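Read the single chain below, which is given as structure tokens and is the form predicted on its own.
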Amino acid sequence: MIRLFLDIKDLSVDLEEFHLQNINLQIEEGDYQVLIGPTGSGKSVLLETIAGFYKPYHGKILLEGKNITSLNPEDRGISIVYQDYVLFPHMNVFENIAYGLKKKNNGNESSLESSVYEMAEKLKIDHLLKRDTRTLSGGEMQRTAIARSLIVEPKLLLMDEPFSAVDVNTHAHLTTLIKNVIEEYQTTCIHVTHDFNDVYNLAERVAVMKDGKILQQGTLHDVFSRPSDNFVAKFVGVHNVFQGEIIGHDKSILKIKINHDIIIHSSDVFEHYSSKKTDVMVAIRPESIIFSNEPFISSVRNQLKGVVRDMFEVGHTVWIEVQVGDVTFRGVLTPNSCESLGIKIGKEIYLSFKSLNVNLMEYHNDDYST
């Protein structure tokens, strides 16, 4: 049996105006765990509780099998990086990075200097070590803050929106740089973010939070392709979420009716399906939908004909809304694909998607929204 590196059990925190409620989170050594959720869902509170800044009234936090729930922050072996850097303005870059290491290496100046230069070089700020931190750019300040956190070799690194205060180009550069350094040091990390590019580029595991609770946790693929409920589906960008009714099955393929008259098929292994419980939620990611001017002659089970009702550019993609009966399906194309298909508002178009891309979720009366 593998011992979990971080095991949070039934953790509850009362901050009067906000509560964390029965949080359970399990992380293995070396994992890069990302926490996502709307503003005010409790991501930062959870991070700071793990760090020791808040004391839970229920539950416990185990790190490497040791109960650290009551330990002071400085005794946990945990580092935390915030979005606003929190550098010491009266110290230069070298002194900021070296700050936490001075206590750890018992005054060994030679070792200290070597370690600081090595870390600074990895984060590409070795040329800035004598600089006043107040003269640094946002990206340089954040790399300094991360260097200061990593150099003490923490058991666990916590990062709260670490790239949100930098520009897009710097953000992309920092993401790549931090990923490489954390992999090299094999640091276990929990990262709070609102930026889905961080999720796609960094996360090995994802947890979705709402109202002080973790709604779903798992691998990036599981959470984004197999959301557990309507809120998670919408939040991670599934967009096509419908109420459905299972009306039959053919071996491993379920037959589902949505909006009274549209039939689609799913090969999802739906554990809640039984002859007495046929109401489900259906989720289809927009990138799983294939558009064509003619019906496919293939093994793709789900083929529908509709009319383009809207289209709009989002970044380097074009979002297409297709009306099929009373149901709106949303898909995404590149501008070139959109042009080659001649897609325009009012055009009839075929859309197809595989049965394995039709995810089923348990239906709740308060869970349905189009």
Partner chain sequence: MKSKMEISFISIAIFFTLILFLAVGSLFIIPSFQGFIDSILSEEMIGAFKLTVYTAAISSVLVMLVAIPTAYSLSRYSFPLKTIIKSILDLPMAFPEIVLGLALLMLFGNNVLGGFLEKFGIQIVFTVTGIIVAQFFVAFPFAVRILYSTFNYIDTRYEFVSRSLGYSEFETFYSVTLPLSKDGIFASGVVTIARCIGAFIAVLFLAGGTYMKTETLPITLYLNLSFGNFDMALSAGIVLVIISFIAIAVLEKYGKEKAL
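From a predicted model like this one, the values you see are computed outputs, not experimental measurements. Residue numbers count along the first chain shown, from 1.
Just so you know, the form predicted together with the partner chain exists too; it's not on screen, but the next bit is about it.
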Which residue, T135, N72, S299, T176, has a heavy atom that falls within 4.5 Å of the partner chain in the model of the complex? N72
Looking at E287, E183, D84, D195, which is the one with a non-hydrogen atom within 4.5 Å of the partner chain in the model of the complex? D84
Verify the contact flag for Y57: yes if a non-hydrogen atom of it lies within 4.5 Å of a non-hydrogen atom of the partner chain in the model of the complex, no if not. no
Taking any heavy atom pair closer than or equal to 4.5 Å as contact, tell me whether H191 reaches the partner chain in the model of the complex. no
Give a yes/no on whether A283 approaches the partner chain to within 4.5 Å in the model of the complex, heavy atoms considered. no
With the cut-off set at 4.5 Å between non-hydrogen atoms, does D310 touch the partner chain in the model of the complex? no
Candidate stretches 120-128, 95-103, 162-170, 252-260, one within 4.5 Å of the partner chain in the model of the complex by heavy atom: 95-103
Counting only non-hydrogen atoms and a 4.5 Å cut-off, give the residues of 76-97 close to the partner chain in the model of the complex. I78, S79, I80, Y82, D84, V86, L87, F88, P89, H90, M91
